[in-house]
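This document starts with one chain, in the form predicted alone, laid out as structure tokens.
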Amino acid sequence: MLFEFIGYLAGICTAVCFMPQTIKTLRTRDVKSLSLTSYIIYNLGIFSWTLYGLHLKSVQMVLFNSISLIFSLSILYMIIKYKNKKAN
């Protein structure tokens, strides 16, 4: 029971850690300090963890990595869209 709780706590922390960055990037469209390469690698890793969670039938892994992936893909999209545009 304790480890189940720890799994959910860890999942919540990692899933929402990108929420502030996503909100800030949506508001400011400032991506000049964000690394395209890092976000590509991170998204690949999170996607892989999600697939692995599906294989293991792990609700925590699939749920929380999917949430993380949504936030991180949003940032990756904004990096690609705004990286070469001038800031207003």
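Throughout, we count residues from 1 along the sequence that is shown. None of these values were measured; they are calculated from a predicted model.
Keep in mind the form predicted together with a further copy of the same chain is missing from the figure; the text below concerns it.
S.K.: So, a 4.5 angstroms cut-off on heavy atom distances: do all three of L26, I67 and S74 pass it with respect to a further copy of the same chain in the predicted complex?
M.R.: None of them does, since no heavy atom lies within 4.5 Å of the partner.
S.K.: Should I80 be classed as touching a further copy of the same chain in the predicted complex when contacts are defined as heavy atoms within 4.5 Å?
M.R.: No, I80 sits far enough from a further copy of the same chain in the predicted complex that none of its heavy atoms falls within 4.5 Å.
S.K.: Hey, in the predicted complex, is V59 touching a further copy of the same chain, heavy atoms inside 4.5 Å?
M.R.: No, V59 stays farther than 4.5 Å from a further copy of the same chain in the predicted complex.
S.K.: Just to confirm, L34 within 4.5 Å of a further copy of the same chain in the predicted complex by heavy atoms?
M.R.: L34 belongs to the contact set for a further copy of the same chain.
S.K.: Under the 4.5 Å heavy atom criterion, name the residues of 33 to 71 that approach a further copy of the same chain in the predicted complex, in sequence order.
M.R.: Heavy-atom contacts to a further copy of the same chain in the predicted complex: S33, L34, S35, T37, S38, Y39, I41, Y42, L44, G45, I46, S48, W49, L51, Y52, H55.
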